[in-house]
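For reference, the chain that follows is the form predicted on its own, supplied as structure tokens.
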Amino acid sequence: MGILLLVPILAPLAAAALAAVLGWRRLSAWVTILAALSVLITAAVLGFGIESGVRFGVGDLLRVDSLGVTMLLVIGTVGTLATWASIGYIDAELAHRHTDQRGAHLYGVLLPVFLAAMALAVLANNIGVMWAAIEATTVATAFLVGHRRTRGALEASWKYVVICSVGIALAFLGTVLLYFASLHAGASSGQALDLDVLLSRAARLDPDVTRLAAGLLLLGYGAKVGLVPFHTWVADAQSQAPAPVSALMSGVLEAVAFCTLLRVKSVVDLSLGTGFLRTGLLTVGLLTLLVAASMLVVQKDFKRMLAYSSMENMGLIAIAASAGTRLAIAAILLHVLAHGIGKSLVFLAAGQLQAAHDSTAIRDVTGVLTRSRLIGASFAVGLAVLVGLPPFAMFASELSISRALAGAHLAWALGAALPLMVIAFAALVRHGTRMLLGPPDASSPAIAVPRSIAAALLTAVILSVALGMTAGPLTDLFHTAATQLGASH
């Protein structure tokens, strides 16, 4: 089973190599879709093979547990939807001369590299390798954000690079300090950053060094998650990136970075107790919720609106992680999966609205449901998922997060978060209904929907409904992941 761990990394890299040779061709595009699908299939196979406490590995470099399987499911699901939709997106960009063959070629190479880097980040057994993989995602997505080469896209790309590089630098310093503490706890130089070694020696880590390392890692990876104070790249990058890339950044990349934080948290909690990172997560989580809710109220751009919705959800996840209970971690994982599929829906639909109107202003888009049933219904379902309406899965995950916070004696944090979530809910509903239900202008353009994008949207709607109706065997997977992370009852 261990050899399967190479598939989620090598399959996308093989697709990238083929795209580098052939350029943007239907063959290379379909191979990229198959590579993303292979990540999903591998996750399913590994999920059936994993029992409580069992891990598969390739030497000391790669390990998979229930958390890794869950994140591979998210990467594979959203990756398949995004790569599938990319065919229609790039074909339309070429047809309207918004990009050229060189830009399409670069897109075709970097998209599977992005998937491979995220897969490596969730499978790595070494915190240093995780850091390198997260850094690789920054390099790949920087060029994808600036894909259209407009002034706004290039500015967003540079802003993303600068802010995330600061975050990655802080995470690097935290990693070095953790390495230093591990060495002084008796670990060998070659294994000092291995998760298994860190967990076994956590009680012997120097508390002062570990405390500083944990703070730097929280800030550093928090920048990639989109948490305050390094959150300002989120709206710019996700609003300027191609719609499939925005879906991956919002629905997967932020969750992958948070997965790395969860790995670090399991070590720090054993070393320092749960109080230190709990305080940090609550602080940045509540501040992120506050900023996101405030910006959603005054938002006039629908892609930026979706980006701030991502911030809101990441803030909620940070607050949930502070509880540290099995229920909280299981709820986070369900939330991450549902959010990834929901964000795929809204960003892919938003991409077609942007293409039709040549604008992302909310005031320019009205009557979508009457003008395009597929885009209107997809956007409506996606918004229903994101605001946590039943029967969709984020209703269950948010309810479980509330129960977990109350059970962890963090009712005050729940009380602070709920009004902000209500404000965000009201803002999303107000903006969404204006776009979907408002009377269409006589001059409103037709909304084209290429077949590949239509197929991806329909698949995402089906997945959202299915996940909302029942999480099925995923429930056991989520609870096993929480146990393996050392979550308390």
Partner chain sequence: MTEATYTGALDLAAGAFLLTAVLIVWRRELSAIVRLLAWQGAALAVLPIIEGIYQREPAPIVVGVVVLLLRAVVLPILLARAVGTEDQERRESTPLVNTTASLLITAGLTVLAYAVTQPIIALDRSPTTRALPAVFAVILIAVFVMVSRRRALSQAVGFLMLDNSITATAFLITAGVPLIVELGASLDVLFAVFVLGLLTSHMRVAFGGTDLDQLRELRD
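None of these values were measured; they are calculated from a predicted model. Numbering follows the first chain given and starts at 1.
Absent from the display: the form predicted together with its partner chain. The rest refers to it.
Please pick out the stretch from 347 to 355, 76 to 84, 138 to 146, 249 to 257 that is in contact with its partner chain in the predicted complex, where contact means heavy atoms within 4.5 Å. Answer to the contact question: 138 to 146.
If the criterion is a non-hydrogen atom within 4.5 angstroms, does every one of G128, R151 and Q299 touch its partner chain in the predicted complex? Heavy-atom distance to its partner chain in the predicted complex: all three under 4.5 Å.
Among the candidate residues F379, Y308, F114, Y221, which is the single one with a non-hydrogen atom no more than 4.5 Å from its partner chain in the predicted complex? So the residue touching its partner chain in the predicted complex, by this definition, is Y308.
L374, A361, V162, L199: which sits within 4.5 Å of its partner chain in the predicted complex by any heavy atom? In short, V162.
Its partner chain contact in the predicted complex: S189, any heavy atom under 4.5 Å: It does: once its partner chain is placed as it appears in the predicted complex, S189 has a heavy atom within 4.5 Å of it.
Evaluate L270 for contact with its partner chain in the predicted complex, applying a 4.5 angstroms cut-off between non-hydrogen atoms, and reply yes or no. Contact with its partner chain, no.
Please determine whether V122 contacts its partner chain in the predicted complex, using a 4.5 Å cut-off between heavy atoms. Taking the distances in the predicted complex, the answer for V122 is no, it never comes within 4.5 Å of its partner chain.
L195: heavy atom within 4.5 Å of its partner chain in the predicted complex? Result no; L195 lies far from its partner chain in the predicted complex.
Within 209 to 241, which residues come within 4.5 Å of its partner chain in the predicted complex, counting heavy atoms only? The stretch touches the partner through V209, L212, D236, Q240.
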